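Next up: just one chain, as structure tokens, the form predicted on its own.
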């Protein structure tokens, strides 16, 4: 069995959201225990991850230093966090494998994802990122070419495009490493968004790719049998946050799509996870699971979480 495991960016922070280097290393170590156990059981694992808290840290540094040095573009932030988190996850995973006497190596691939330069998101960016600033603070960053919107009493917030991921450009490198026996960490944060010019040249763009949709694309690219989306809840839930809340267990793609159409899943949180799980199964995956890190072993076996099947 080959599993694509998608770790939420918050899986690399402490329980209270702390993102100090020591917090991230400790949290990554906890996440990699489950991965090492899967590998010890002869499950072929490919890992991807979110990077929201980590990119958020870089954005704060951009803002604080904007009067001294130009802000680092968002695609560079994605590349930096892919490399940093990949390095941390590799170290933690190899340590956990060594404790189990398992001889396997990990590799991290800084990965680009192609998007359409004419994606509607670039016309009017709507994805909010980073923290709220005052008008004067935002004005300095607007002068550097960023798009900021006034959001009422909270102040100003940056908005960027969130285009549809079309192609993982470094898929061949990922596949070669997987075939060579490496446990590969790739496409972090949905991939570094790039567009192809008319002359064939590629360049990064200021955008955020949804990490869950990127995970579904990577899962198909590496011929994964199962997609597991690890988040901070054990299941997708109907009537979330109400007394009628009900966890969803085994469900068909058609049933889950219907529930999504009824508005059960928030667009900024569970909605993309539901969409990604459905896309993976609709395009040939055996099943997809939405679960939490504590239940990853059972989730991979289809015995825990929200299990999405094509029936």
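From a predicted model like this one, the values you see are computed outputs, not experimental measurements. Residue numbers count along the first chain shown, from 1.
There is another form of this protein, the form predicted in complex with another copy of the chain, and it is not shown here; the text below is about that form.
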Next item on the list: Kindly indicate whether 13, 114 and 132 are, all three, within 4.5 angstroms of another copy of the chain in the predicted bound form, using heavy atoms.
Entry: no
Note to self: Please identify the residue among 138, 177, 213, 161 with any heavy atom within 4.5 Å of another copy of the chain in the predicted bound form.
What the structure shows: 177
Item checked: Single option in 41, 283, 257, 61 placed near another copy of the chain in the predicted bound form, where near means a heavy atom within 4.5 Å -> 61
Item checked: Partner-facing stretch of 162-170, 114-122, 229-237, 139-147, counted where any non-hydrogen atom is within 4.5 angstroms of another copy of the chain in the predicted bound form -> 162-170
Check: Counting only non-hydrogen atoms and a 4.5 angstroms cut-off, does residue 110 reach another copy of the chain in the predicted bound form?
Finding: yes
Next item on the list: Look up in the predicted bound form whether residue 155 has a non-hydrogen atom within 4.5 angstroms of another copy of the chain, and give yes or no.
Entry: no
Margin query: in the predicted bound form, does residue 73 come within 4.5 Å of another copy of the chain, counting heavy atoms only?
Written below: yes
Notebook entry, point to check: Is there a heavy atom of residue 204 lying 4.5 Å or less from a heavy atom of another copy of the chain in the predicted bound form?
Noted result: yes
Check: Of 90-114, which residues get within 4.5 Å of another copy of the chain in the predicted bound form if you count heavy atoms?
Finding: 90, 91, 94, 95, 99, 105, 106, 107, 108, 109, 110, 112
